[in-house]
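The chain below stands alone and is given as structure tokens, in the form predicted alone.
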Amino acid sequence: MKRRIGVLTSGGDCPGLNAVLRGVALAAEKLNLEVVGFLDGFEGLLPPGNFVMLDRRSTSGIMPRGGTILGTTNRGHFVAKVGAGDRAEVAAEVIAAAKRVLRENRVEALIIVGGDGSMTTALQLQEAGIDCIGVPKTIDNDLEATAMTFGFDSAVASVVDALDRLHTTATSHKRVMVLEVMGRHAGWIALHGGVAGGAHVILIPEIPFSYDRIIEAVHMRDTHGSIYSLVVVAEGARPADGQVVMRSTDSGEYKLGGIGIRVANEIAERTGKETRCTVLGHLQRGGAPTTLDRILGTRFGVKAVQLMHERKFGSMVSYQNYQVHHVPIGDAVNRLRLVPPDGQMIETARAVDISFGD
């Protein structure tokens, strides 16, 4: 019988996940390994085990597809992250049940594709004796241990497309258009999407903003003869004298959302300008991956299999200086890569008259 390895996708979906799965299946075939794909994230590890076999045929043609053919969830028995820097232990009986399923199905080790929360769970499984390899995934691009994660480029592309569309309707109606995008702790999507999409104001979590400064930026455009403005705001952005806009949830991390409408209301009230807010939401997670995300996902999947073959368990794939390397999972979790307020990208944006509301 062939040796078996497992793979699962956990947390929020994003473009490029299927490229990873295809990379894993094809690289494993070269090493004469079978691949067990567990369904619906870590929940597929629970008895009696919910999985499908991944091979050349079952992964054929999945590269252009968004989401994940294995399904995913950020709820359930394995949630190990409840907020930035916080950790909730996965129950010992849950880990024991997962061990039993892996043993009964001859799965020697797991490739876990997910974000910070999923890597936190992977670390606990590794500490409990389940050999794991991590593959970082987050559209927020906010994991410090890797310079880029797949899904980010596709998310930015959706922001740019939205801004291109909002640009035409804003000029037609002489409106201020506010676009709320994802970015819980880090503003990479808002920053890159805003610069590429020609935004005039970008609000990110790393730079607390002032409504007065936003209004100044809008009025300044008036003095230059501009009849519209585009404002991009990350969901985690907050005023200097306030808090992020959030709503509680029964499990997992708190949910953000609503700051875009609040910013739009303030602009309308203070300027008298007709102002509209668009919340891009899960449109940033869907659709076909960009070329970059297809390539990066494939490289990550292949590297994960190589690390498993070399028995470098407890490692996470990492992209640095255009090369795919690896780091210990323990060095990757709970370490966010934030936008440096004095970094070159911010300087570039300010040089083309983009305001950050500060």
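Worth saying up front: this structure is predicted, and the values here are computed from it rather than measured. Start at 1 with the first residue shown and count on from there.
The same protein has a further form, the form predicted together with ligand F6P, not shown here; the description that follows concerns it.
None of 261-269, 125-133, 176-184, 100-108 except one has non-hydrogen atoms within 4.5 angstroms of ligand F6P in the predicted bound form; the exception is 176-184.
The shortest heavy atom separation between residue 139 and ligand F6P in the predicted bound form is within 4.5 Å. Contact check for residue 74: a heavy atom falls within 4.5 Å of ligand F6P in the predicted bound form. Ligand F6P is not drawn, but in the predicted bound form it has no heavy atom within 4.5 Å of residue 221.
The closest heavy atom approach of residue 238 to ligand F6P in the predicted bound form falls outside 4.5 Å.
This chain lacks the partner; the member of 285, 273, 192, 200 within 4.5 angstroms of ligand F6P in the predicted bound form by a non-hydrogen atom is 285.
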